[in-house]
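The chain that follows stands alone, in the form predicted alone, written as structure tokens.
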């Protein structure tokens, strides 16, 4: 679970780090990724682990289109406070529209992908490790590595970082900052959709499932340090581990209590987050 939280949080951290946009619809894009993975598995017998990769290109395009059609109208220029208010209202409204439209079209009935490895486990001495979660974790780590390499080793990734750190200076260097914003939003949406596909290997799928994860994404991003990609990754892992440990002493309904206690403790001791790179993307 920590690995999947990490991928979700990386997408959210990238969007905030580059665009300074708090995307409340991120959980709903995750939910749509779960549904697309489900229909690929049902209609085409595509393994959900592969389906999680297949959903990346269409959701990247969707993210770019959403940015170009909606977000670009409320970002860049003007009063910063009004921009922030408009962004919050826009992404919150988009979240409500996606959730309710999905409920109307697909019904609120939960669905689940049946895979053989969802109920199997690897034996590691006295430990049993669920195969679906293990595969999802490995793929989540690989996705995180690909994103990190892209941001640090490619010219496009460096341009994205420049647009995040110094947008005005980046513009003087010939970097299209608005295009970089669209790229960041597209990658962020694609990553959370892929995380949803991995989650669908063992988690029920329903229109409101995103509500259960959006708060945890924000907690992971703030825990690691606002705008820090490595910080978001570590924050996601920490949340997964804290949830697991909490279940040893508290009932399932209170598994997030340990997460918020740890969150408050970290913020008290280190307000800038674990990595302390506020307003940076790497």
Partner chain sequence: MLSITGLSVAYGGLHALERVSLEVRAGEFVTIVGPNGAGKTTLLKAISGAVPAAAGRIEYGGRDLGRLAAAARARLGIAHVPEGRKVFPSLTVLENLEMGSYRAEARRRRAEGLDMVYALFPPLRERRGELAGTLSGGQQQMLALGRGLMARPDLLLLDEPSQGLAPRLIEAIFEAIARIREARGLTILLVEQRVVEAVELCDRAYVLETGRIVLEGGRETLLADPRVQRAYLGA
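Nothing here was measured: the structure is a model prediction, and the numbers come from that model. Positions refer to the first chain, counted from 1.
Another form, the form predicted together with the partner chain, is not on view; read the next lines as being about it.
- By the criterion of a heavy atom within 4.5 Å, residue 122 is excluded from the residues contacting the partner chain in the predicted bound form.
- Using a 4.5 Å cutoff between non-hydrogen atoms, residue 162 counts as a contact of the partner chain in the predicted bound form.
- Proximity of residue 168 to the partner chain in the predicted bound form: non-hydrogen atoms within 4.5 Å are present.
- The partner chain in the predicted bound form comes within 4.5 Å of a heavy atom belonging to residue 175.
- The partner is not drawn, yet in the predicted bound form one stretch among 148-156, 202-210, 82-90, 95-103 has residues with heavy atoms inside 4.5 Å of the partner chain: 148-156.
- Though the partner chain is absent from this view, in the predicted bound form it lies within 4.5 Å of a heavy atom of just one residue from 113, 180, 132, 139, which is 180.
- Residues of 7-44 are not found to place any heavy atom within 4.5 Å of the partner chain in the predicted bound form.
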